[in-house]
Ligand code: C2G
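Take a look at this one chain, the form predicted on its own, written out in C-alpha cells.
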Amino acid sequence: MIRVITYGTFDLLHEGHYRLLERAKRLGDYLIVGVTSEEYDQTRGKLNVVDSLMTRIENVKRTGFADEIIVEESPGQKFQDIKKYNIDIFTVGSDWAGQFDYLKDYCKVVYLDRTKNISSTMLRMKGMSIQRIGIIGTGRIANRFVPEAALVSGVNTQGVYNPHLESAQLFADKWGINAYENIEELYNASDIIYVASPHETHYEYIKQALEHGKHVLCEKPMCLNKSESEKLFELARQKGLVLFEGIKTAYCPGFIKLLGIACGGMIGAIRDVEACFTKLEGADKRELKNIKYGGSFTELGSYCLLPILKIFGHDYEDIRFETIKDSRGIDIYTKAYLRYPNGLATAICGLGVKSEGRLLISGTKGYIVVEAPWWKTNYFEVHRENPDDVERFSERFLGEGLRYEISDLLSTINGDKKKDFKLTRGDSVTMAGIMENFLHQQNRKEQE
C-alpha cells in the first residue's frame, strides 16, 4: 500500500483545493490530509482565515478523497507524521516548490501543479468569497506579491499581463499562473487588479480596471498628479469599488502601534519628524533608467512621506526640495522639507547615496526612534530626558509585509470599513500632489 500525505489550511474550500486533493489521492492507495490549526496558521503568517478548523475538516471530508484527516499544529510535525504514518509520498502544491526538499531523505516529495483558473461561477454557487487577482507588471515587487497573496485566505492569483508577452509568460511559468496576451482577458478573469507596472502607467491601468468593474490595489506612487488621483478615487466611489494604494508600511501592525504611541501623548506634542530611506541601486535598474519619472523621490518618497502625513496631516504650509543628480540628470538623493503650523518634517530618499535610514519623531517630552528598516516596523524605542528612561516596543512583521495590505483590501471589499484609516484617500491624494510638485520643480530647474 502506497501511503500519501498532504497539508493545507483548506479555507473556503474551492476548485483548486479539490483538484489538489484529487491528484494527491491518485499518487497512492491511502491519503492522509493534514489540516492546519488556527494557532499554527497564526504562527506561520497566514492571514484572514474565515472557516473554523471543524468546518475546514468537514469540507475536506466531503470531497471523498481523504482516507484519514489529522490536525497540523507545529512546524516540525511533518517529519514526525511521515515517520508515524509510514508515509511513502509527501505532496503539496507547486507554489511551495523546493521548500520541502529536505523531506526527500525520508520519503518521495511531489509538488503538484496549482490550479491556474478558479471558477467564479463555482464560487458564487457555493456562496464563497474568493477574490481572483490579476497582476499587471512582472517586476521585482510583483514577484514578491504572489507568495504573499498565497498567505491571505480568500484570494487567488489568477494571471498576469505585460505588454511584452515573453515577460508575462516567464512570470506565469515561474508562479504557475496564466499569462494573458490581451489585457481584456485579464480583466474578464479577475475580480481585483494589482498594478505593479512603471509609475507613469498607473493612471491609465487603474482607470481601465475601474471602468471594467474591478477593485484595484496599485503600487506606490499610485499617481504622480493630484488631479488624476482625485479622479480615480471619485471613479471608484461612483462604481462602488475599492481602490487601495500599496504602501505596505501603512498596513503593518508595528507601524500602526508606532502611530498610536507617538500620537498618544507619550512624547508630548510632536514637533519634528525625520524619515530616511536609502539604498544603493545599479545604473541599470529601472529606478535609475527612467529619465523623466525615475529617481529616488518617486521611488522611495511615499514611504518617507507616510509617517509625516499620518502625524502632521495634509495641510503643510510650505515644501521645498534639495536634490543631487547623477550625470544623466536623474535624482539619486533628495531631501524634502515640509513646514507645518506647529512642526517641521524632513523626508530623505536615496538610490545613489547611502545614509542611516531611520525614523525619528521628536516631541516636547521625548522622542521615538525606529532604526532601519523602519518601513518594516517591528521594533522601536521611546526616549526621554533621562537617558536611562527608555521604553521598548515590538511587533511581528511577517515576510515581505505585502500580505497585510492584501488582507486589508479583502476585508474592505467584504464590507469592513474599519481599516480605512491606515491609508486614506486624503493621504494618497496629498502624496500625489507632493510628487507632482517635486516633478514640476525638477523640470523647471532643467529648463533654467
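If you're wondering where the values come from, they're calculated on a predicted model, not measured in any experiment. One rule holds for the numbers: they count along the sequence shown, beginning at 1.
Here the subject shifts to the form predicted together with the named molecule, a form of this protein not shown in this document.
Comparing 383 to 391, 62 to 70, 402 to 410, 33 to 41 against the named molecule in the model of the complex, the single stretch with non-hydrogen atoms within 4.5 angstroms of it is 33 to 41. The partner is absent here; in the model of the complex, the one residue of D95, D88, E281, E274 having a heavy atom within 4.5 Å of the named molecule is D95.
Between the options Y187, F100, F312, Y333, the residue in contact with the named molecule in the model of the complex by a heavy atom within 4.5 angstroms is F100. Contact check for H17: a heavy atom falls within 4.5 Å of the named molecule in the model of the complex. When contacts are judged by a 4.5 Å heavy atom cut-off, K422 does not count as touching the named molecule in the model of the complex. When the named molecule is considered in the model of the complex, N178 lies well away from it, no heavy atom lying within 4.5 Å. In the model of the complex, the named molecule lies farther than 4.5 Å from every heavy atom of Q208.
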